[in-house]
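Take a look at this one chain, the form predicted alone, written out in structure tokens.
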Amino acid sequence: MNKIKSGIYGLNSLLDGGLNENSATVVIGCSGAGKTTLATQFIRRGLEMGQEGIFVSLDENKEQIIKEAIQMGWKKIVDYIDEEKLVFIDASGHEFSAFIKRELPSFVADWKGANARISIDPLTPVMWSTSDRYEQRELIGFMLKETRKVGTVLATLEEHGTSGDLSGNETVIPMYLADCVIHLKSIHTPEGGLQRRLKIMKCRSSRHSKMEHQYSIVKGLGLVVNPENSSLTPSREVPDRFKQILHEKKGSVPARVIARLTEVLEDLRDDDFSEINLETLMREIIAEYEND
């Protein structure tokens, strides 16, 4: 799986190198969590690398997004627009079902295979456009599937209700359909302060940190994530110990099984065994193959 740099300082190491190319990522957070800022950082990084950028706005108009990007220190955004390297699709105020089914396919036909970066901000109006769960899934699924034909997609989604509760109707379907889900949490402390936490909920075909990490929003830098205590440490003490136990049990486990498990262990690290007892696992492996 090819990796691309996200443009968010501190995030790539939590995704084992970056976002998967031609994947769809959904970033969930409440108002003010930094979703749009993250989406523009993602686009900006691609433009720096020579990729084209497409910003699909389903809520705020183009002028407001440009204004906010400039306020965050990205003054060159106007140059990229003038050079037609960054394209805005203002779908705010549209009837979203019609936009997705009629206008989107034409756009994809023109841009297919461009290897561009696409930000969709936010998906929420699409979810609100119908109360039918099947139609919601059909619309979001079609939108992500089609835009992936153009390149790598990052969409935002507003979080409503209790902070941290991702089981609501508005979040479940996009989370299920996305390849990667990133949750931005804003926590108000008893002292009146604000703590920001980022957690990667899933990332298909890739390793990722399973912990929460602090992040800040800094003018000129955007979202900055603290990757300390990431579970993606290079330590391999546990897999190496398991490999040793396997070879000590050569008489109890078929050679073909030991060879296969030894190969598998080359790609594992300590965090993969965080909730596994090696002795118990070894006992179960022996029981599985004792009559072979």
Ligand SMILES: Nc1ncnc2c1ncn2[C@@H]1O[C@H](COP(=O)(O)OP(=O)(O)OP(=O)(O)O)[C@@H](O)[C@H]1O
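Here the structure is a predicted model, which is why all the values come from computation and not from measurement. Numbers for residues come from their place in the sequence shown, where the first is 1.
FYI, the form predicted in complex with the named molecule isn't displayed, but the following is about it.
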Inset, instruction - Answer with yes or no whether Gly34 is in contact with the named molecule in the model of the complex, where contact means some heavy atom within 4.5 Å. - result: yes
Inset, instruction - Look up in the model of the complex whether His213 has a non-hydrogen atom within 4.5 angstroms of the named molecule, and give yes or no. - result: no
Inset, instruction - Report yes if any heavy atom of His183 sits within 4.5 Å of a heavy atom of the named molecule in the model of the complex; otherwise report no. - result: no
Inset, instruction - Would you please decide whether Lys101 lies within 4.5 angstroms of the named molecule in the model of the complex, comparing each non-hydrogen atom pair? - result: no
Inset, instruction - Give a yes or no on whether each residue among Asp59, Met72 and Arg196 has a heavy atom within 4.5 Å of the named molecule in the model of the complex. - result: yes
Legend entry - Of Val238, Ile66, Val257, Cys30, the one that lies within 4.5 Å of the named molecule in the model of the complex (heavy atoms): Cys30
Legend entry - Candidate from Lys112, Lys145, His188, Lys219 lying within 4.5 Å of the named molecule in the model of the complex - any heavy atom: Lys219
Inset, instruction - Among 240 to 248, 50 to 58, 263 to 271, 36 to 44, mark the stretch whose residues have heavy atoms within 4.5 Å of the named molecule in the model of the complex. - result: 36 to 44
